[in-house]
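Just the one chain here, the form predicted on its own, laid out as structure tokens.
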Amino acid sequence: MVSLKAVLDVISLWALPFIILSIIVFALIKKVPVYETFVEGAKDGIDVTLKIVPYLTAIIVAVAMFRASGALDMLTGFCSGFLQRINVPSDILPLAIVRSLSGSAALGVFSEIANNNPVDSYTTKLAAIMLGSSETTFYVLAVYFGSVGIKKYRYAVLTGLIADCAGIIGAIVIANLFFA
């Protein structure tokens, strides 16, 4: 009998080539100039990249300044008493703050947490759940809104931050239910 893992391995190996081949075949059936369309899309991608570089640079600099200034460590120390009462290790606060700003910075903070704690620890599990249950709100706003030229996104920021808070609270609740 074939195991489920073997079936999933075969599916994951062939999924992307199948999708690409299906797109090409469908385009040929519809008589779409495949190569020319691909090149046009690549040109548009370069234009979008050039538009969003200033926004991405601003985010990267802001995250680096926040961490290098010591403000993140000071905030962690200030909130540690409250965090202990709700069963959240103080190592998690930098991840909760940085996650809204930058995915790579959040991944770096998560890597520090995973390196400083055992893999099966509550702290590492909570950090993993939190990393997967929230979004990089400011990165998304910079990339997607910046690429189409939207300048007024006040409500999008508020909605994104509320969703991030809900994800963080949900991660804490789930981790406490399953791992505390």
Partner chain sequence: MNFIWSFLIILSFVIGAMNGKLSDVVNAILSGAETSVTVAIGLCGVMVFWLGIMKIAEKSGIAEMIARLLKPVAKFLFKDAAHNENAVSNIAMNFSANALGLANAATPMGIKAMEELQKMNKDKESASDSMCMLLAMNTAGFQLIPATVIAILAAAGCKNPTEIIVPTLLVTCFAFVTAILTAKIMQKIFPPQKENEVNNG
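So that the term is clear: the rigid core is the largest set of C-alpha atoms that superpose within 1.5 Å between two forms. Every value quoted in this text rests on a predicted model; they were computed, and no experiment measured them. Numbering follows the first chain given and starts at 1.
Missing here is the form predicted in complex with the partner chain; even so, the following discussion is about that form.
Contact between F38 and the partner chain in the predicted complex is found at the 4.5 Å heavy atom cutoff. The partner chain in the predicted complex comes within 4.5 Å of a heavy atom belonging to L107. In the predicted complex, D91 stays away from the partner chain, with no heavy atom inside 4.5 Å. Using a 4.5 Å cutoff between non-hydrogen atoms, Y122 does not count as a contact of the partner chain in the predicted complex. Contacts of stretch 138-171 with the partner chain in the predicted complex, defined by any heavy atom lying within 4.5 Å, are made by F138, Y139, V140, L141, V143, Y144, F145, S147, V148, G149, I150, K151, K152, Y153, R154, Y155, A156, V157, L158, T159, G160, I162, A163, D164, A166, G167, G170, A171, listed in sequence order.
Relative to the superposed core, K152 undergoes a Cα shift smaller than 2 Å between the shown form and the other one. Shown in the overlay between the shown form and the other one, fitted on the rigid core, is a CA shift at C165 smaller than 2 Å. Relative to the superposed rigid core, F38 undergoes a CA displacement of at least 2 Å between the shown form and the other one.
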